[in-house]
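Next up: just one chain, as structure tokens, the form predicted on its own.
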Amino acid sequence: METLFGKTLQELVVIVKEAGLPSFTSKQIADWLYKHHISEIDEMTNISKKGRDYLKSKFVIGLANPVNVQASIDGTKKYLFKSGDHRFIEAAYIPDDDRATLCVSSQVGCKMGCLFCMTGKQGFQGQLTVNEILNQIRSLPEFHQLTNVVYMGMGEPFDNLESVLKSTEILSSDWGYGWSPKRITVSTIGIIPAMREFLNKSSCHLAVSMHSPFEDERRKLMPIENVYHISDVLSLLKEYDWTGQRRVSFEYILFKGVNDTPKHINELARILNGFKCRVNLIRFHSIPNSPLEPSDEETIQFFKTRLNSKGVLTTIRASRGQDIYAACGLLSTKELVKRQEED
């Protein structure tokens, strides 16, 4: 049966009209789903029994608890959710002082094939529905502690743009969860048409995976460079106003001897000169059968200091959950292999 959880208000209006229910019922259903956090249709007590019976004949709420969790000594937790038969996705809960961030997945596997990504080694297995994206948030035991959500888990969010946009609409609309868009960040490797649509339709923050300012080098790390050049990504971003509340950041994983040299610092400073943005430096979590190695701590600190001195706001993302398959995709890959072996 179809799931109700994950429907936008516009979609609920259509359902209510088809059911012959009063038009205001769509808002009532949205309230039950996203404000009262129900798990059964019969809990919608201000909707007529006839209306509830109609909904039950065609829909379920559609919430599903995680099937596994691994907890780190630093408080980070990686939750494993099932998506169909023998398919799994991950969501990482990251508490940090007065913040609690959830990193959610948007696809099962990924088709982008980035050299440093474990999820890409799974290959692409399917798109997540709006229900499956939001279920990672709603079915989290720490749901009520969340302050931020980042779409930086498994998959490329802009390769599943429709579901991602609907999920952020539900999170940020008054009829939904009512979150400020400032609490939501969506990442991309730089799919330009989808990026433009996202920037025109959403007020959420954007994070762009760069990892090298040189196109030839970036192409070896990220095949998407063959289609959408980082220079064209930057040209698009500079068409928009970033002086308000919406923020753009560039994610930059440091690889030893690959993209961590002074020439990379100088080129980053050149291409980002005068552009209001942030660079997030990320320590590489090694993955099996990868030729890439993490940069040492001294190099990472030097990279940060020099970029800041050149006027590029630069931070280092804290490494979390290193004792629980920290690299995205490792936990789900392990579970996938395990289930296949059991069969």
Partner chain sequence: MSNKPLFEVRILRHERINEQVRLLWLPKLSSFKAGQMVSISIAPDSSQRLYSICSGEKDSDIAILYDIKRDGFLTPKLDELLAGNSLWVSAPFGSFTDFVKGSWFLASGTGIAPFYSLFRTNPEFVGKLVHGGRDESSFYFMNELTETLGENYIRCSSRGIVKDTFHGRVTEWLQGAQLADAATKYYLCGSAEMVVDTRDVLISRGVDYDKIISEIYF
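Please read all numbers here as calculations on a predicted model, not as lab measurements. Residue numbers count along the first chain shown, from 1.
What follows is about the form predicted in complex with the partner chain, which we do not show.
Although the partner is absent here, residue 158 lies within 4.5 Å of the partner chain in the predicted bound form, judged by heavy atoms.
Taking the partner from the other structure, the partner chain in the predicted bound form has a heavy atom within 4.5 Å of a heavy atom of residue 225. Using a 4.5 angstroms limit between non-hydrogen atoms, residue 178 is distant from the partner chain in the predicted bound form. Residue 199 falls outside the set of residues with a heavy atom inside 4.5 Å of the partner chain in the predicted bound form. Across the options 80-88, 179-187, 213-221, 129-137, residues that bring heavy atoms within 4.5 Å of the partner chain in the predicted bound form belong to 213-221. Checking 258, 102, 108, 171 against the partner chain in the predicted bound form, a heavy atom within 4.5 Å turns up for just one residue: 258. Distance criterion of 4.5 Å from any heavy atom to the partner chain in the predicted bound form singles out 112 from the list 271, 112, 146, 71. Interface residues of 298-316, taken as those with a heavy atom within 4.5 Å of the partner chain in the predicted bound form (partner not displayed), are absent.
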